[in-house]
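Consider the single chain below, provided in structure tokens and representing the form predicted alone.
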Amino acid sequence: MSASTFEKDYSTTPSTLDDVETSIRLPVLHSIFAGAFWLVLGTLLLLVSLIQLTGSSLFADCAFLTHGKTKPAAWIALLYGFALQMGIALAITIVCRRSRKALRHPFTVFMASKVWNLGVVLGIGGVLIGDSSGHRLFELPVYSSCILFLAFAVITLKLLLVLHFRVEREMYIGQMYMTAGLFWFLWALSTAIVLLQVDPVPGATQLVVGNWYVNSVFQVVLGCFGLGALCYYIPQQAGRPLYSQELAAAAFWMLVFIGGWTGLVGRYPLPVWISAVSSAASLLLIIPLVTLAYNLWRTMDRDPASLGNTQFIYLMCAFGAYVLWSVLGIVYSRPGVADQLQFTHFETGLQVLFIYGFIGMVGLGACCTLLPRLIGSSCDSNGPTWVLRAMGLGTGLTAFVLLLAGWFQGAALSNGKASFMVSVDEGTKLVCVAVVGVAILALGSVLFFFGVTNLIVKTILAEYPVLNWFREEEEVAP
């Protein structure tokens, strides 16, 4: 490599927009495509797991697809395969574009993304063969989690180099969110691997570490990825800068410092003060929530004509889902409420609302802009609309029904005169309706996957007309 090339790549010399988009095209398109695939697979596994709760004998004779394996496998695909991988694509895009620096050695990031997907495959395979760690939303076997950590560390290192040599030294709020998400996930995952798998801590301490890890991934890591994307794309849609960088920074620091303290509520064999601190921290999260909502509201163009923009609707649905998820999380953390709703469908409803409603809508909305820029061809005008309808209807129906089922289950469990099977029957009645919602989600996921695949294949054929290789020589245009 010549000295001039080195100086250009590792200096504050700005890259052109074309150079930036060319450098991120391969890893970002791969992450979006792989995320779409895992979204389909995870939704289908979630559909199977819910059908099994209705009393169906589906896969009853298959030891690899019992409910105790299909449900954790579904959430591994949705959390690690789809949500976090979509967050990686958003982080690469926003960090590079706002830094005005091309991604150095994008093939390295592409291969790291390949390794990440290998870790997801091994994780799902390990769960299906019974090699699960047993921790909620961290059922990954140790060999899978270590692979995920190494792949994510490589991606983070490459983005930190871009960030270090950024043109504008003052960090944009979207870059702050993405950087925090990258660092926090490395910290959380490495802590979970060491304290839960390599050298497990004793007894109930594992509950503290496991719940802290899950809450960190949802509240801080994915929260930063999603909110950073909202702070980046909503001003673009509004055609104006973010209303207040100061308010956005205040919300960011409050989320980072408070978010890690939440998540340890309910009936656990732990000192009471731990649940009390966690409950108080959850209540304090209303401050960054209100701050962020006000900032984005003042930024948005409230012209009714903007409601016809599909990407704008995606972003608004995502922010609405995040607000609703945060409010329900605050209610859930109140003393007595978590004791009643713990171990019910209520928690699953919250996870569906977050993964599909928040991260899913943010990712799909970002794809409306990302894909045309990276591929060079516009999306089908009806495709994003149909995906939006299916994902919105499916998310709303599934989350609402599961939350309601959890509430009824909790009410039945709190009745000392009723048996445990009464609460199970209360949940089963509504799970049948949730199956319909997940089926609609599966339809929307398939539409999104085929839409992404179609665009990528068209681009590949346009740049590399492989079909011409199989034609007769006289049929090939000169």
Partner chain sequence: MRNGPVLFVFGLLAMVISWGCIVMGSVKQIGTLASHADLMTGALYPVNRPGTAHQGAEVYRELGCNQCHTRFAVQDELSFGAELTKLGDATNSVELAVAALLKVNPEWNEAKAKDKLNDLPLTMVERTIPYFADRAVKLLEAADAKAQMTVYNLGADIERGWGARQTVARDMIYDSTVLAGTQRIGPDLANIGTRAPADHVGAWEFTPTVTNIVGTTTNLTNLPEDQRLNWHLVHLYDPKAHVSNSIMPSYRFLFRAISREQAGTVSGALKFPSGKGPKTEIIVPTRKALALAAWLMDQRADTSLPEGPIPLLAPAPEKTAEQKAAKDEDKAEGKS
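Since the structure is predicted, the reported quantities are computational estimates derived from the model, not experimental observations. Residue numbers count along the first chain shown, from 1.
One more form of this protein, predicted in complex with the partner chain, exists but is not displayed; see below.
Though the partner is left out of this view, G134 does reach within 4.5 Å of the partner chain in the predicted complex, counting heavy atoms only. Under a 4.5 angstroms non-hydrogen atom cutoff, the partner chain in the predicted complex lacks T108 among its neighbouring residues.
At a distance threshold of 4.5 angstroms between non-hydrogen atoms, T291 is out of contact with the partner chain in the predicted complex. Contact check for L41: every heavy atom lies farther than 4.5 Å from the partner chain in the predicted complex. Only one of L122, V208, A112, L247 lies close to the partner chain in the predicted complex, with a heavy atom inside 4.5 Å, and it is V208. Checking Q85, S333, S99, T348 for any heavy atom within 4.5 Å of the partner chain in the predicted complex turns up a single hit: T348.
Annotated contact segment (heavy atom within 4.5 Å of the partner chain in the predicted complex): 183-191, selected among 230-238, 183-191, 317-325, 283-291. Residues of 57-73 lying near the partner chain in the predicted complex, listed in sequence order, are A60, D61, C62, A63, T66, H67, G68, K69, K71, P72, the criterion being any heavy atom within 4.5 Å.
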